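This document starts with one chain, in the form predicted alone, laid out as structure tokens.
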């Protein structure tokens, strides 16, 4: 990071927050993920947790072991050396069955945008998405960004229940619901692969900064992989 643009602010008596940019992008997400990895590697047990968001990282530290001034100096040192840090980014592929029988809004989106369902599938599956953040529910990854032509606002009234595996769009982001839950995103398909299992190590197939690509599959393959059609 030869030309540092980061800003560090106090967040609490045992946490500071590092802002990297005001712009959400795949490059920024990977940089923040690399910072989190380097910080944990360099400072070890001094760090309690690093919570990553779209443009920032909240660093919680052991306040009984290191003082506020010293941890900020160490964080700055990690940031200064970050330009030479190699950080491996995974790309995972997720099977996607795009159809109105598992994606209740796909026809409406196609009609509103004067596209065909085939166009929706093409535009959604040809993109490679970055994992911007993980939250809302265990295994729920906010992925960006969809082709602008697919950008669709959230539903005015959220559904009380969205099926596990539902593939959805909200504005320029897309996601897979890892479990049945309420939800206000537009549904276009379903992924039969489980994205969260607390018994696995790690419990998620991806981390922030990784890449995701959706692979269209047919109905029979969706069923074979464990998909359900209600």
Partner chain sequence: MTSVLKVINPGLYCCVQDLGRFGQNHLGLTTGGCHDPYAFKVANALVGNPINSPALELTLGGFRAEVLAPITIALTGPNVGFTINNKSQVLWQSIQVARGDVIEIATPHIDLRHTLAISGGIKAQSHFTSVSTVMREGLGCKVEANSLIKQQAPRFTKQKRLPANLIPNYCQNSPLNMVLALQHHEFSTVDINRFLSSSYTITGQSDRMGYRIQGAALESPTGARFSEGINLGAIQVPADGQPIVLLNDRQTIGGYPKLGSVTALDCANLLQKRAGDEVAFNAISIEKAQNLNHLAQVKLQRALDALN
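Residue numbers count along the first chain shown, from 1. Note that the coordinates shown come from a computational prediction; the quantities given were computed from them, not determined experimentally.
What follows is about the form predicted in complex with its partner chain, which we do not show.
For the chain shown alone, residue 98 is not a contact residue for its partner chain in the model of the complex, no non-hydrogen atom being within 4.5 angstroms.
Using a 4.5 angstroms limit between non-hydrogen atoms, residue 212 is distant from its partner chain in the model of the complex. Heavy atoms of residue 13 reach within 4.5 Å of its partner chain in the model of the complex, making it an interface residue. Remark: residue 171 does not count among the residues lining its partner chain in the model of the complex, judged by a heavy atom distance of 4.5 Å or less. Screening 104-112, 133-141, 155-163, 89-97 for residues having heavy atoms within 4.5 Å of its partner chain in the model of the complex returns a single hit, 133-141. Annotation for 191-229: interface residues with its partner chain in the model of the complex are 196, 198, 203, 204 [heavy atom within 4.5 Å].
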